[in-house]
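Presented as structure tokens, the chain that follows is alone, the form predicted on its own.
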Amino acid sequence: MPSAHPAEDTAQTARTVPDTDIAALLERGRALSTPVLRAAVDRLAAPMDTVAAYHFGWIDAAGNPSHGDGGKAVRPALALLSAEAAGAAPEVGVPGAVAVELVHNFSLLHDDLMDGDEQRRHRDTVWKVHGPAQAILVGDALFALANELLLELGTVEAGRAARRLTTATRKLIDGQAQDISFEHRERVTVEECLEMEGNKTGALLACAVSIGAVLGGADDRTADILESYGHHLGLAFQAVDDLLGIWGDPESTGKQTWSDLRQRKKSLPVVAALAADGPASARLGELLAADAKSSDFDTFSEEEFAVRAALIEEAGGREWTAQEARRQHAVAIGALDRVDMPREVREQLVALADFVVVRKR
């Protein structure tokens, strides 16, 4: 079992944010966006509406009402703060918040199927319960709903927001394609891995933190700077996610031990370890090359994955990734200095950035 928590690796951020402040921000995002999200999902034809409701945690596999874990709701919180950064009311950002959530969950439905993940948020994934076909169809439907929700506003700002969302979605898909291609390569550079993660995770977070501002009438310069904050925040978020993917506690993450190693992912800790010099790096490279050709990989024991995780740590991959999370966090915060916004809104954006880098799941 993993012996240390990745949050310890990233706890050297400059500020300590009270949990209650973060909880309030996330809850506001949920409270304002969930009714609109539910109404959007209700538009889907049966059985896609109930499959989507299961995915969002609103019902269980038998169709009974449920209070399942619906995720961290970071993106809706960012979209509402984005509107406030432009001087608008947080409610102005709600359509953007919901559109981004729909695209995010479209990607989760497809990713779970492509990666073979059987668990998400401590429950069986949609493809496991309802089958691969429904996972694909519902994912496609959520993507279509996202654009429909924005465009039906009928404003110039909505059109600008939809263009940003469409671009972010294309980058997200690019990132997923890169991620899959990396699984079949023995070596991936750190630069390639950062580009992939910037697309797969950074693009949608960047969109979330600009889309509310665009709906609130912000100019492109302001939106672009907020996107820069979101892009680097996304890279920090993914770096922490990569740590959790290897050393995270299954009770917190809802995934198996050594999750990313089981999927042969070329995540940042792995890539950084392979790029290092030394015997641990060389041995890790030998094992991973053999794993790629092994017919017994699916039956590996906990101890075999633990050996690989230990080599990654010995080669410096774990510490490098933790440092990269802190570096990207600092760049994200620095971008906020270039936007004239209410001080309270800036402090809340900083608080959310801190939360992303120091988290347990």
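A residue's number is simply how far along the shown sequence it sits, counting from 1. These figures come from a predicted structure and were not determined experimentally.
The same protein also exists as the form predicted together with another copy of the chain; that form is not shown, yet it is the one meant from here on.
Candidate site formed by E319, A325 and A335: none of these residues places a non-hydrogen atom within 4.5 angstroms of another copy of the chain in the model of the complex. Contact annotation: another copy of the chain lies within 4.5 Å of heavy atoms from the stretch 102-110 in the model of the complex, the single such stretch among 102-110, 230-238, 209-217, 276-284.
At a distance threshold of 4.5 angstroms between non-hydrogen atoms, E152 is in contact with another copy of the chain in the model of the complex. Using a 4.5 angstroms limit between non-hydrogen atoms, V307 is distant from another copy of the chain in the model of the complex. Taking the partner from elsewhere, A133 is found to have a heavy atom lying within 4.5 Å of another copy of the chain in the model of the complex. Looking at M114, you'd find a heavy atom of it within 4.5 angstroms of another copy of the chain in the model of the complex.
Note on contacts: among V129, V190, A88, A177, the single residue with a heavy atom within 4.5 Å of another copy of the chain in the model of the complex is A177. Interface residue among L44, L26, V331, V36 relative to another copy of the chain in the model of the complex, by the heavy atom within 4.5 Å criterion: L44.
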